[in-house]
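Just one chain is shown here, as C-alpha cells, and it is the form predicted on its own.
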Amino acid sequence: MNNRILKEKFVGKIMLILVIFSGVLILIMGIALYIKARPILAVKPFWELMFSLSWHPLRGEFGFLPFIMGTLWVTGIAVIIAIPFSILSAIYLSEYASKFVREWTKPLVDLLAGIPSVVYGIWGVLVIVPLIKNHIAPFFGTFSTGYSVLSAGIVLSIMVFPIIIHISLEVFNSVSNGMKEASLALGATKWQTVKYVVIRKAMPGVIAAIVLGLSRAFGETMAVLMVAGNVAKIPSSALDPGYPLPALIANNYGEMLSIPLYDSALMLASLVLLLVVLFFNIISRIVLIRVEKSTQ
C-alpha cells in the first residue's frame, strides 16, 4: 500500500514538472525572441513598426502591417470556410452516418492530417490557383493571377479540416446516449436533439477544437507561402495577393541577413506571431470558461 502511494505521488510530481516545463518553455521562447529583436526596437518604436506600411529593408524601413493584415486575411478566410464544413461533417459522422461510413471516413480524415504541407501547397498551385484565375475572378468581373489570400485561405481551411473534425467528433460521441434518448422520448426531432442537446453539451469541446485549428492556421508556412502571392501590400479584397508573417519568416530567414537590423526584424516578426497566437488562445480560454458555466 505504501509503495503504491509513493508511486502515485512520484508520478504526480513528474506530471506537474512536465506541465510547468511546458509553460516555462513558452516563456523562454518569448524571452529569446525579444532579446534577438531588441536591436530594431532600440532604433524604432514598436508601434511604428507594427503600423507602418513600408517594407524596404535596404532603406532600413521595416513596416509589419502588410504582413499582419495578410495573416489575418488568410486565417480569417480559412476559419470562415473550415468551421461550418468541419462542424457539420462531425455532426453527420456522429449522429447520422452509418457504422460503415464512419469506419471508412475516420481513417481518411486522419490521413488528411498526415499529408505534408508542401503537398497541399502543390495541390493549391495546380488546382486552386487556376480555378481562381480562370473562373472565380472573371465571374466577379475582375482579374487575378490566382495567387491570392483566397487561394491561401482555401488551402489552409482544408489543412484545418481534420483537426476540427477529429476533436469535434470525439466530443460529440462523449455526449451520453441517455440525454439523446430522453430528448427524443419527449418528442424532439433528431435535429432538435442535435441542436439543443448534443451541440449545447459539447460546445466547450467544439470551441477547443476551433482554437486548435485557428492556432494551426496562424502558424502554417509552406502551403501558404506557395499560393498567397507574397506581395508586401495590404490586400483590398480576397482576390488580391498577400504576405502572411510565417511566409515572410520562412522566405527570408538565412538570406540577406547582412542587411542591418534584418535579422532582428525577422525575430520581431516571430515574436509578434507568437504573441498573436497566445492572445487568441487566452481569449478563447476565457470564452470557453464562460460557455462551460452557462451550460452547467
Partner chain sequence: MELKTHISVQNLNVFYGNEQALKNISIDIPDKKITAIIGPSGCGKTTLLKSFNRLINTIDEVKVSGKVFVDGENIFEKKADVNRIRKKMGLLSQKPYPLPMSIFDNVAYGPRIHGMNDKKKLSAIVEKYLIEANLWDELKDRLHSPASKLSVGQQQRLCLARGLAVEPEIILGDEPTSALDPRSSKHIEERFLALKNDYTVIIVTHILRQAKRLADYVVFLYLGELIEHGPAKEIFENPQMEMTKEYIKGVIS
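Because the structure is predicted, anything quoted here is derived from the model rather than measured. Residue numbers count along the first chain shown, from 1.
Omitted here: the form predicted together with its partner chain. The next part is about that form.
Using heavy atoms and a 4.5 Å limit, would one call residue 135 a contact residue for its partner chain in the model of the complex? No.
May I ask you to check whether residue 188 falls inside a 4.5 Å heavy atom distance of its partner chain in the model of the complex? Taking the distances in the model of the complex, the answer for residue 188 is yes, it comes within 4.5 Å of its partner chain.
Would residue 142 show up as a contact with its partner chain in the model of the complex if we use heavy atoms at 4.5 Å? Answer no; every heavy atom of residue 142 is more than 4.5 Å from its partner chain in the model of the complex.
Exercise: residue 208 in contact with its partner chain in the model of the complex, heavy atom 4.5 Å: Heavy-atom contact with its partner chain at 4.5 Å: absent for residue 208.
Check, residue by residue, if 40, 44 and 71 all come within 4.5 Å of its partner chain in the model of the complex, counting heavy atoms only. Checked in the model of the complex: no contact with its partner chain for any of the three.
Report the residue, out of 77, 171, 129, 197, that has at least one non-hydrogen atom within 4.5 angstroms of its partner chain in the model of the complex. Only one option qualifies, and that one is 197.
At a 4.5 angstroms cut-off on non-hydrogen atoms, which residues of 80-103 are near its partner chain in the model of the complex? List them in order. Read in sequence order, the residues that approach its partner chain (within 4.5 Å, in the model of the complex) are 99, 102.
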